[in-house]
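What follows is one chain in structure tokens, specifically the form predicted on its own.
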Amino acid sequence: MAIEDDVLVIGGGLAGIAAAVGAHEQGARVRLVSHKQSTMRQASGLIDLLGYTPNGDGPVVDPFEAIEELPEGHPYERAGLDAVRAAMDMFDDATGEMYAGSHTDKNALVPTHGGAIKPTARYPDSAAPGIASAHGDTLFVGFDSMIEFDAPVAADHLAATGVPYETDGATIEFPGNLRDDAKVTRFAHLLDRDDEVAVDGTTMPVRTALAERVKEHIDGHDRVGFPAVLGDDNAAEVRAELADKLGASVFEVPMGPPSLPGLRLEDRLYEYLHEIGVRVSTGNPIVDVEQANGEIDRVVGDHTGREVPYKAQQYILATGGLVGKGIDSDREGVYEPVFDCHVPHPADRYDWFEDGAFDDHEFARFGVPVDTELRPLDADNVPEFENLRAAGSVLGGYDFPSEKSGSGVSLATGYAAGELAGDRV
């Protein structure tokens, strides 16, 4: 017997979560099924709405204004501006004080671990004191056991962008010697618990020891930026204590994978799904689809070798793009592996990409085309299935890495797809 719900969301990333919330808010009984871990934990935790236009102009000051000018077929154009605003409101409600940026339509400029500045619409509260558009002499502090963040280089790069304040960097040894176990979560848990660490023949709490080492470099700086490892369960407490001991604002610099801000966001959003009553099944791929009369009748999940059918009135595909394997390719072509939806692409594989690594590659826009109800379209622009919608990076028609629009598109199209599906139940 099939597991029955009103709306079944396939995919557990940002788009899938937004879709589940959108459908739930329409009164639907919702289940989310996912196979692999979400790519959120590999992401910076920043919510980029639109940082650059498809033509490369930017950074965009007001992403909401710029979205209205996007061409037909772009996922934001398909979902509509009202859906973008509604999705951001939902995100703000779900994350509460964890995230900042909702006070304005304009992008903030957040320094990255490489010293670039990234236009973004929402950013973790832990990064807020460090946004580049706010003034204050800034000291970046890195740890010699964490080679992915070179604080002096990041400071030099930020200075080269022309920010109107001093930027400096210092690399120190993290108290307690974590050279043999320099994992992001190891730093965070030490600081969470304020464990005693050995320093110069004695022991002291790690937060105190860290502050003492940074004080040697503070030299009047107004704010101090650390790689994003400042606690997990007690992150706000860790930052507050370090700020008090240093006499300066303390902020986290978003990092690449594995990303503690990404993990925190994933934890919070799944907690939110639990709070509102969305059912979640993880670790189970969808391996078969049954259809009838132009609609999806049911899908079959693989539960460690046992086939389990799921049946719903409406389905939402949110399995990710090329990175998440929601879109896949082989020597024969490009395809969407769950429902075999149409994915437009040049027949000649050599037309998929250009010669230069940073050129305008065709493959960056590979994905499923949709109508304004976010239903996947076949090669004749006819909806593939009446009760299937698609959301997030499985969609085609945009280049999210160059636009800096991935998170925003996932939220907006996911939430809109969820609302539409929930409304049809």
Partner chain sequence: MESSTGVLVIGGGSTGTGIARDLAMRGVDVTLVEKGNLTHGTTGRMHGLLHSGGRYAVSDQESAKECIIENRVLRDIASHCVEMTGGLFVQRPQDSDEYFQKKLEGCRECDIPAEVLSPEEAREVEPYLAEDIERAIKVPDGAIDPFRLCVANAVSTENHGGRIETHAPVTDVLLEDGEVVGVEVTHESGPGKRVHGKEGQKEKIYADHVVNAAGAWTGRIGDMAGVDIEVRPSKGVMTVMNARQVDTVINRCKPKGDADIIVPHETAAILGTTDEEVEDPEDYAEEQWEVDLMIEELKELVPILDESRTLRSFWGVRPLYEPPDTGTEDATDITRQFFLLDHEDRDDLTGMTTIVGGKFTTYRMMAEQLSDHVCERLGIDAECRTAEVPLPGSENTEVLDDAMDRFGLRSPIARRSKQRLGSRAEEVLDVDGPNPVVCQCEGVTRAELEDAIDQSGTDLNAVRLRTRASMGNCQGGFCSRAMADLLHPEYEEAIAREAYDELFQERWKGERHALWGEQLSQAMLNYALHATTLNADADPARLGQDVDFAAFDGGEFDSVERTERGADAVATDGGHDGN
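Numbering follows the first chain given and starts at 1. Just so we're clear, the structure is a prediction, and the values are computed from it rather than from any experiment.
Absent from the display: the form predicted in complex with its partner chain. The rest refers to it.
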Would you kindly say which of L230, A132, L242, A312 lies with a heavy atom within 4.5 Å of its partner chain in the model of the complex?
A132
Please pick, from A198, V287, A160, A236, the one residue with any non-hydrogen atom lying within 4.5 angstroms of its partner chain in the model of the complex.
A160
For its partner chain in the model of the complex, the stretch among 207 to 215, 81 to 89, 336 to 344, 109 to 117 with residues bearing a heavy atom within 4.5 Å is 109 to 117
Triplet S44, W352 and P401 all within 4.5 Å of its partner chain in the model of the complex via a heavy atom:
yes
Looking in the model of the complex, any heavy atom of V61 within 4.5 Å of its partner chain?
yes
My question is simply whether L322 lines the interface with its partner chain in the model of the complex - judged by any non-hydrogen atom within 4.5 Å.
yes
Given that its partner chain is not shown alongside this chain, does T203 nevertheless sit within 4.5 Å of it in the model of the complex, heavy atom to heavy atom?
no
Even though its partner chain is not shown here, does E148 get within 4.5 Å of it in the model of the complex, heavy atoms only?
yes
If you look in the model of the complex, which residues in 195 to 218 sit within 4.5 Å of its partner chain (heavy atoms)?
none
